[in-house]
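Single chain ahead, written as structure tokens, the form predicted alone.
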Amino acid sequence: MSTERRSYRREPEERRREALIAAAIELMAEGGPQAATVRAIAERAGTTPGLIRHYFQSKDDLTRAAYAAMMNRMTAESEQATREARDPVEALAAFVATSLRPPVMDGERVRLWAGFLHHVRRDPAMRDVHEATYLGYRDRLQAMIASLPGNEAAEVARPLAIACNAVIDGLWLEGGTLPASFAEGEVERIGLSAVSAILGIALPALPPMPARED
């Protein structure tokens, strides 16, 4: 019988913390919140259960960090698409469209979000994370709206951002939950059309996504 023990990786502090967060998200995606036990997270991340407390005060603290990481990553992915935009209108179109196509709009992420939302209801600290990540996305959207002529004032850009964000959130939820109910690219097109109507401008369509290889 083999007596070989699992070897634990020695990595920089921040990378090890990120590995624990990634492990928690993966386990929640695979089996729901109940699958992300401290022992399972440690095993998936290649560390020991006791070491988790070096990075997180509690399991709830790790759950909050996982939620923040997932939400911030989606915002970063949407924002990354704006880097090659030639003007503010094209940047806004890229931000909206990317928010409504994979990998941002994804069934697994919607399920994870729904699981995290259960914690938001009972945990004030988790509610703070929810608010911060929501505002992080909305503030970025507001900044892009404010860059359009006539929308520079905060009292103009803010309600427009709230309205546009509500449209994007609703489409993200429905498109991620029931992808077979929509034609290819339909959710994205609806989002661009709705945001265009709210803002009174024409947002250009993005090139279609490359076909997935099976």
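Numbers follow the displayed sequence, beginning with 1. Rigid core: the largest C-alpha set superposing within 1.5 Å between the two forms. These figures come from a predicted structure and were not determined experimentally.
Missing here is the form predicted in complex with a further copy of the same chain; even so, the following discussion is about that form.
Proximity of residue 177 to a further copy of the same chain in the predicted complex: non-hydrogen atoms within 4.5 Å are present. For the chain shown alone, residue 201 is not a contact residue for a further copy of the same chain in the predicted complex, no non-hydrogen atom being within 4.5 angstroms. Within this chain, residue 47 is remote from the site of a further copy of the same chain in the predicted complex, having no heavy atom within 4.5 Å. In the predicted complex, none of the heavy atoms of residue 106 sits within 4.5 Å of a heavy atom of a further copy of the same chain. For the three residues 111, 122 and 165, a heavy atom within 4.5 Å of a further copy of the same chain turns up in the predicted complex in every case. Among the residues 186, 61, 43, 152, the one placing a heavy atom within 4.5 Å of a further copy of the same chain in the predicted complex is 186.
Residues 121, 122, 130, 131, 134, 135, 138 of 120-139 are found to place at least one heavy atom within 4.5 Å of a further copy of the same chain in the predicted complex. Superposition on the rigid core between the shown form and the other one places the CA atom of residue 123 2 Å or more away from its counterpart. Superposed on the core, the two forms barely differ at residue 186: its CA moves less than 2 Å between the shown form and the other one. Superposition on the rigid core between the shown form and the other one places the CA atom of residue 59 2 Å or more away from its counterpart.
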